[in-house]
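First, one chain by itself: the form predicted alone, in structure tokens.
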Amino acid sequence: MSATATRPSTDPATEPAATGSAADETRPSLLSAVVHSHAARKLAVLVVIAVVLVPIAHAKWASGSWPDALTVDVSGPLGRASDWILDNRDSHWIFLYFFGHISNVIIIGVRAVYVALLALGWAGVTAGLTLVAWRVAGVRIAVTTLVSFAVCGLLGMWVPTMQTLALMVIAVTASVVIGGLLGLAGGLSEWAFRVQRPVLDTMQVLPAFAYLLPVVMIFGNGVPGAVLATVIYAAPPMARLTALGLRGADAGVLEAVTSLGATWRQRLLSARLPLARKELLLGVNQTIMMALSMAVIASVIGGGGLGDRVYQALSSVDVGKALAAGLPIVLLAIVMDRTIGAAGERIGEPPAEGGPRLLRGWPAWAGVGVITVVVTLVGRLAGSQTWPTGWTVAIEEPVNQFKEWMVDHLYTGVPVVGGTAEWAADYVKWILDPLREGLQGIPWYGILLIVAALAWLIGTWGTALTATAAMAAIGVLGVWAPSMDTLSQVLAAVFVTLVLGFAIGIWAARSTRLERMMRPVLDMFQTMPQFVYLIPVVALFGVGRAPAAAAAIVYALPAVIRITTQGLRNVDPAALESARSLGATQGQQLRQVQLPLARPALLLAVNQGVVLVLAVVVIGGLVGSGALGYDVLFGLAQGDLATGLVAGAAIVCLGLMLDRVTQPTSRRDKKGA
């Protein structure tokens, strides 16, 4: 660059621009001062409240633990509700004409899909789905589909795979439809968004084991209860991401469409939904992953299929058999995700020109149908409707031997870094124990004040009231001490999850190659049932709170990485180009442009990290984490509705509180987007 290019200009014509630039530089400082003064006023009010209320609370309840006088025993009402359901399930109109019809629709749908899959046979299913994938997603996805179903057969899991596929088709379809409608309402109406938020939190955070008992009471053991439990867990991500996409639509585009005289419906169909396509596809992806991750839990109440095989294998502590049944779950997720994602990306693209006419339009679909029928008939004539038993490969023994090798070589005595046993002990000693003792050592009214302060500083008084009421409800339910134990485990696991998730997500957003390499790995970790890797985790880390934290981190990390990557990549390219033209480095672009503009997606990633870690709290109860997770499992095992639901409700309250103290809101947000 020449010297004159860097010399300051003395042209008077440039002075107003310089003045404007200086004025622009002062605006952030003024805004920062206003924000800080507002926060200071809030802190002053909280200090006054603390000075008045803390001495009164300490004088009346000096012990610091939640007083028994402020608890409510709900075991009686819940017990009576349980008895009423059992006594009236076969006679009351609500069961016969409402829940009964829902159950029948689910059974008919799942059975129809399963019968169709059996009628096609292994050859027809493989050929038909491969051709459909080729037609809507391309050759690469078609090859992936072919290999995936071949692996399912080679592992000897063809029939269980078809059972799970039939159940997942109905469950995912229902989850996408229900979640999409909820997200549509939340994306178009601020009031609906605020109303839905705690409902979606409850649906996603309430452990599946906690509502398995009432689901079984109403629907009995079998497919309907399994599908309903899956929909409750899998629909919220679709609703959240749909609302995020609709609320984040480019205001300039919407204004341009409106100026052309478009109606409300035309604006939705021609602008909002197309602009939110990436978020909608991500919502479908997350719904598929979470639905398939419920396969094992659904098997506990009669879902059958691959989940039942995994559950039986883990009951006998056979990691090899569990992995053989768990891998097809991952492959189903990959096939469904890749096919739907690629098909969605092609929506709106003009049809490819050139090539044989038979490969374009309705002749191609007719060809897919004809080839599928021909292959099905050939399979029937060959007398092989299910995968031939001679074409299977046993992986159980090598997998079990590898697990034993890992335990023998990594558990302890590793030079320099130490073994996994030492890592687990240090994690418990230096992180979990001090955190639990600190939370349990703070008086209950101190915890409430801290929660209120955090929620109010980043939100409104309504946010603070909601968060404080959620924590108070835990004490009223009589589970304050175990809730503080669970909270310590969740906070530690969420911190690790967010640090790793944000770091990897930022890296993946800057490297397309890394994102492609990580995608199948993330799919595997998110869809592989927690039960499958629970045994190797326990073998490596021992029994206790450390393996529970490891399972929670592995399960929650993929969603945080995906949403972070998607949010950073959706940043307006014009903003990045402007930053580059001003000479901003990559680090400055990330800190000053990408992260601020991706704030809604990052906050959603925090939310998903919290709720997914909480969702694994119950699984942690199986490996010695204790606290609320153990109470939920105890209630399910003993048929104790009160114990299970109270612990589950406490987990929901923790999730609601954590959501409110991590999701900034303002009065302007509440007035409408």
Partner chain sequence: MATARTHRLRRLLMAATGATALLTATGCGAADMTKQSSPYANVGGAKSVTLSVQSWVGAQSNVAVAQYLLEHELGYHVDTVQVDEIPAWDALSQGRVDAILEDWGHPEQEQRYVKDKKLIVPGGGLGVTGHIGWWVPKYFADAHPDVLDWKNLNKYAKTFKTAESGGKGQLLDGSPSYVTNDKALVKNLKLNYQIVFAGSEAAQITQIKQFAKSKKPFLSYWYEPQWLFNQVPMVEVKLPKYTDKCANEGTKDPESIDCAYPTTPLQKYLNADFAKKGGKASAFLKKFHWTKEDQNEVSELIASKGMSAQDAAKKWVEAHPDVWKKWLP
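Numbering follows the first chain given and starts at 1. In this text, all values refer to a predicted model and were calculated from it rather than measured experimentally.
Keep in mind that the form predicted together with its partner chain is not shown, yet the notes after this line are about it.
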Answer among 126-134, 507-515, 307-315, 285-293 for heavy atoms within 4.5 Å of its partner chain in the model of the complex: the stretch 307-315
Checked P274, G418, G220, G367 for heavy atoms within 4.5 Å of its partner chain in the model of the complex; positive is G220
Checked L477, I178, M524, A539 for heavy atoms within 4.5 Å of its partner chain in the model of the complex; positive is A539
Next item on the list: Report whether the minimum heavy atom distance between L633 and its partner chain in the model of the complex is within 4.5 Å.
Entry: yes
Can you tell me whether G621 touches its partner chain? I mean in the model of the complex, with a 4.5 angstroms heavy atom cut-off. yes
**Report entry** Contact test in the model of the complex: E577 vs its partner chain, heavy atoms, 4.5 Å
**Finding:** no
* Asked: Looking at the partner-bound form in the model of the complex, is Q638 within 4.5 Å of its partner chain by any heavy atom?
  -> yes
Residues in 67-95 that come within 4.5 Å of its partner chain in the model of the complex by at least one heavy atom, in order, are D83, L86, D87, R89, D90, F95
